[in-house]
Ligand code: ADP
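First, one chain by itself in C-alpha cells, the form predicted alone.
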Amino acid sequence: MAEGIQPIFILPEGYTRTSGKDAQRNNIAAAKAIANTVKSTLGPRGMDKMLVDNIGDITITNDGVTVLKNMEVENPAAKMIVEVAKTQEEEVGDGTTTAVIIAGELLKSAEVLLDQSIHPTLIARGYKIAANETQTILDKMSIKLDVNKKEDLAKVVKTATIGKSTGGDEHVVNLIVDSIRHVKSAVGRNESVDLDDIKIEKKVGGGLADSKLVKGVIIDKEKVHPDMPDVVKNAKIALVNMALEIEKTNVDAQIRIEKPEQLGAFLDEEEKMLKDMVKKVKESGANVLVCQKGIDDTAQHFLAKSGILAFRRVSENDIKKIGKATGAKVVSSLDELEGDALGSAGVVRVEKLAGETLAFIEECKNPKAVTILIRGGTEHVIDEVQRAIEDSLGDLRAVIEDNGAIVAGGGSCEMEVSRQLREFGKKLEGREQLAVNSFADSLEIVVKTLAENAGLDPIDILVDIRAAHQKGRVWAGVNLSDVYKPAVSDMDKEGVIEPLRTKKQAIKSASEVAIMILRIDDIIAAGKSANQPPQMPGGPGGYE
C-alpha cells in the first residue's frame, strides 16, 4: 500500500468477508460435511445416530431430517442443505437422506470442474439442464401400481420401514396400510389423503406387536365425574363447542340480596338452568358428550345421574377428528342437538394405559379419521416408530395422489437416470456437457452409499449395476432385503418400490440448492459479538 494512503473500510467492525474460490470451497466443504453426517443412515443396513441436546435429552434415529434438525447447524451453507431435508419432509415425508447426499455429491463433483477452471455459471447452467431432463426421464420411466390393492401398498410401506426400527414388521405395515385406506377420499377422478385424519398416539409399555389401529379416535382425557359409566356401547355422541356453565355477563353487574330466601331462589335458578342444559343433551338421545369448553360441577353431577359419559376441554383438532370418525356435527348451541347432529360409535370406553387414562371412541362404521396406537418398551423406541410411520404415510399419500406412480428402489432409479443423462449429454455442445456428465455421476452416490452401508465393495457393485443397465435391465439395483439373493437384482421383482414423487422432489431440491451455493462467490458475515477487536487495515471488510 502506498505510503500515506488510508485504507477504505466498506464494512463495520466485526464483519468478516470471504471471496472468490475461498468462499466456494468453504460452502462446498460445509455441504459435504452435512452429507457425510447422514450418509451412514441410508438404506436397510443404515446405522442410527444418537443425538444428545444441551439438557441431556436423547434422540436415537436414522431419519435424515431428524438428525439435521437436532444438530443445531450454524454454518450458513450447511443450513441451506438442512433446508433441503426440511423441504423434502414437508413435500413428501420421506427421502430426506437421499436429497441431502445427492446435494453434497453434486457440489463435490462441481469442485472437480472448478479445479479445471470451468466457470461456476457454466456448471450451474449445466446442472439446471440436467435437472430438467431428469424430471422428464423419471416421468417416462415410472410404472403404476394398483392403489386399491392392499398388497401393492404394503410393498411401498415395507420399502420405507425396512431400515427403521420397525424393520418392515408385518403387523406395523398392515396398520399403516389399513389406516390410509380408511381416510383416503375421492376428489373428482383422483383420490386424496389428508394425513391429519390419522392420529398417532404413543404409550410406553408392551411391545411393538401390541400396537393397534383404532377405527375411531383416542383422546387423552378422563371422564369428568367418577359416577359416569366407563363403557358405553352403541354410543350416540354429541360434540359441542360451548361451555355447560352459567355464562358471566359482559358488563359489570351487581345482584343485591336482602333476604336469605332470595339467595336460595338465586341458587335454585342457576341449578335449574344447568339441569335444563343436561335435559336437552339427554332428550337428544346422546349418551356421550364431548365438550370443547368447561362443564360446571353441578352439570357434571346431573350428567352422571343421567348415565351420560362426558369429557371436557377436548381440543378443537380432536373434536374435528371425532366428527369425521363418527359422523357427528359440532354444534354451538344445545338447541341444535337433534338426531342427525349426533355421531355413532360401537363403543366408547375409558381405560388406563401406562398409568394414564385415555378415552377410546372406536368401532365406528365408516370412519374417515382413525388412530394408530403405538406401544413399545421405551420412549426412544416409540418415537422412532412414529417417525417410521409418518414417513410411510407420506409415501402412501404420494402414491395414491399420483394415481400409483412409482419407481423401483435400491438405487436402480438413480442409476437408470444417470445412464440416460449421459446419453443426453452427448447431444450437448460446449462445457455444459461436462456439468451434465458430473450431474449423472453424482446420482450414483445412492448406489455407492447403499453398498458401503451394507459392508459391500461400492466399486464392484457400481460396475455390476452399470453393466446391468447397459444391457437394458432398467430396475437393476442393490438388493439388501435378502442376504441369500444376489447383491445386484431387479428391484421391481423384489418388491422394493418408492413413490415417483419422492425421487422427483429429492433430485429437484438437491439440484436447486447446489446451483444456488455454486453461484455464491462472496460471504459477508456479521461478527457474533460487538466487543470483537477491530479488523487490521487491509483485512476482511477493507481494501488496501
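Position 1 is the first residue in the sequence shown; the rest follow in order. For clarity, every value in this text was computed on a predicted model and none was experimentally measured.
Not on display, but discussed next: the form predicted together with the named molecule.
- Looking at 317 to 325, 131 to 139, 220 to 228, 446 to 454, the stretch with residues near the named molecule in the predicted complex, meaning non-hydrogen atoms within 4.5 angstroms, turns out to be 446 to 454.
- Interface membership of residue 42, defined by any non-hydrogen atom within 4.5 Å of the named molecule in the predicted complex, is confirmed.
- Interface membership of residue 98, defined by any non-hydrogen atom within 4.5 Å of the named molecule in the predicted complex, is confirmed.
- Although the partner is absent here, residue 159 sits close enough that one of its heavy atoms falls within 4.5 Å of the named molecule in the predicted complex.
- In the predicted complex, the named molecule lies within 4.5 Å of some heavy atom of residue 479.
- Here is the short version: of 34, 491, 67, 500, the single residue with a heavy atom within 4.5 Å of the named molecule in the predicted complex is 491.
- Proximity to the named molecule in the predicted complex, taken as a non-hydrogen atom within 4.5 angstroms, holds for one residue of 505, 62, 511, 27, which is 62.
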